[in-house]
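Take a look at this one chain, the form predicted alone, written out in structure tokens.
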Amino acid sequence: MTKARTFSEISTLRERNALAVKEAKEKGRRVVGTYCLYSPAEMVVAAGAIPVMLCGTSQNPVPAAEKVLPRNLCPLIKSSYGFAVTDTCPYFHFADLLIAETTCDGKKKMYELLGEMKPLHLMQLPQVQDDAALSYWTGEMVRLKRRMEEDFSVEITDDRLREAISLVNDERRSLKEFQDVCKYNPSPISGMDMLTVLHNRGFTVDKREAIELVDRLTAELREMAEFGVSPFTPSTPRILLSGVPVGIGSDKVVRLIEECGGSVVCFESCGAYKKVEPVEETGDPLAALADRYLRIPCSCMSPNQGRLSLVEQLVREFRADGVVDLTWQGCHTYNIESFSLKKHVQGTAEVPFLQIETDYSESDTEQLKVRIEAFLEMINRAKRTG
């Protein structure tokens, strides 16, 4: 299957940028590592530092992590810690500061261990989305600003914050337009290739370069779609994948859906569509950052009506034939919330819904394949009789 020309450049970004981070460090640049969407990249950019996502999507370092962490813990947490203790994530290795957040109990206790290896700033995230929480979260933004000013000997002015907000908003615009090409039927890109782009661009050193690359890829994909070039057919079941973040190495369910005959056309997760809402560019920049980041509809929020509404919206916009809700083992918030999401989706968008609870290993691959094949067959049967 013919791929867009720019895809090959993006598919090697993670490896190439490991060297770029090393070179930037040698020139005196500071590097800030993050694990979660709640960590504001704008603050890092405004401090003149390089924000990078840290590794946490591979099964390989999990055995090393399990020497310390419980085996029944979320694989994302174990993988993240395993990369750190084995020193096999170059981005963690070169990081001058880690920004962490209290999204779940497992992560915040794991961050205590990471804090023994690297300087770490923990943001205390409220888990409601009301005015009192916003006031508190604004204070957390102020606290992060002061920490970065102190550690990096810089002044983060309002003007520098506004410039950073504008840049990161352009990145969000670019990512949204890229994902929106999958609204074509059939999609001009597979879910696995889309995931490769979403995953790799998070490791880029130069945001403007990454924006240009993604924009170029989007233009190529639109042209392919206009000419009907696609790995799929118009009748291929279109699947929205909701739930926990996925990346290269934790892509088992995406791969199986497409091997079984489906097309993953949208990722609702925090590395994908949850990421695209812009920050307000007028007024107080710290208040704008706090407002936008607190509204992220993560399952750690209670209640979390925003996620129900987002999934409903994405089902309609991407004309999804079904929703697969992915939960990592040990992730209690996403696991419990799946019940409410299923009821909401079936009551509004009226499409089939499948929850999958798994980890990063391949041990349940055949079992998952059977369930996914049955789910896709149910969709195909409905298409034939509908």
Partner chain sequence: MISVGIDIGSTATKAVVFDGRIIGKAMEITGWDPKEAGYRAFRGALDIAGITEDRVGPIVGTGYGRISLPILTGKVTEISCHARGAHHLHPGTRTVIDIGGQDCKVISLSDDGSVSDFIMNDKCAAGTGRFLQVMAGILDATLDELGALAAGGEPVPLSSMCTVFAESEVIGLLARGTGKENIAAGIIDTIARRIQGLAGRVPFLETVTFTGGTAQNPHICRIIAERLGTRLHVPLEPQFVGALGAALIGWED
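Positions refer to the first chain, counted from 1. Here the structure is a predicted model, which means the values were calculated and not measured.
As for the form predicted together with its partner chain, it is not shown, yet the points below apply to it.
Listed residues Arg29, His332, Arg319, Lys342 were compared with its partner chain in the model of the complex; Lys342 is the one with a heavy atom within 4.5 Å. A heavy atom within 4.5 Å of its partner chain in the model of the complex is found for one listed residue only; from Glu23, Glu9, Glu15, Glu377, this is Glu377.
Ser361 belongs to the set of residues with a heavy atom inside 4.5 Å of its partner chain in the model of the complex.
Put simply, Phe353 is close to its partner chain in the model of the complex: some heavy atom of it is within 4.5 Å.
Although the partner is absent here, Arg381 lies within 4.5 Å of its partner chain in the model of the complex, judged by heavy atoms. Put simply, Gln346 is close to its partner chain in the model of the complex: some heavy atom of it is within 4.5 Å.
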